[in-house]
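First comes one chain, alone, set out as C-alpha cells in the form predicted on its own.
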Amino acid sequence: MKATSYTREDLVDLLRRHGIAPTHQRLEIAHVLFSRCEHLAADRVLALANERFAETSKATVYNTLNLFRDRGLIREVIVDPKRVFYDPNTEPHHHLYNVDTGELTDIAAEDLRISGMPVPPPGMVTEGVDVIVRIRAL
C-alpha cells in the first residue's frame, strides 16, 4: 500500500460516499488510516489519532472502526483471536503475517492460486476468500 495525502475535504467526501457522517473524530481516524495506508491495530489507531488531538476515546475508535468496516470503507483482518488489524485496502488481496514481528503485508490476489473451493450450501454464495500466510524466522 502506498501512503496518500488526503485533504480534509477528500476525507469528508470519502466518508459521505460511504454513508458516514463526517464528525471531527471520524475524520481524525480516517486520516490515520488513509494517509498511512498501513495495517493498524485499534490501539495504534487510537495513539496516532491522539497525537494530533488528544480527545479520542478507545470506545470511539472501536465504534468508528466497526462503522467503517460495516460500510465497506476498511477491512478487518483477524490474524489470531488477540490480533486484529484494520486495512484501508478493500480491493481483493490476501496477507502475509510475520508472527515474530507482528507485521502484516499484502499479497496481491493474482499471486495466490486457490483450487478446490467447496460448493456453498443451498441458497448461499461465496462472498470472498481471505488467506493469511503466517511466517516466522527459522
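Numbering starts at 1 and runs along the sequence shown. Keep in mind that what you see is a predicted model, and the values were worked out from it rather than measured.
Keep in mind that the form predicted together with another copy of the chain is not shown, yet the notes after this line are about it.
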property: Listed range touching another copy of the chain, judged in the predicted bound form by heavy atoms within 4.5 Å, from 22-30, 55-63, 36-44, 95-103; result: 95-103
property: 4.5 angstroms heavy atom contact with another copy of the chain in the predicted bound form for Arg134; result: yes
property: Any non-hydrogen atom of Glu9 within 4.5 angstroms of another copy of the chain in the predicted bound form; result: no
property: Heavy atom of Pro81 within 4.5 Å of another copy of the chain in the predicted bound form; result: yes
property: Asp130, heavy atom within 4.5 angstroms of another copy of the chain in the predicted bound form; result: yes
property: Residues from 110-125 in contact with another copy of the chain (non-hydrogen atom within 4.5 Å) in the predicted bound form; result: Asp111, Leu112, Arg113, Ile114, Ser115, Gly116, Met117, Pro118, Pro120, Pro121, Gly123, Met124, Val125
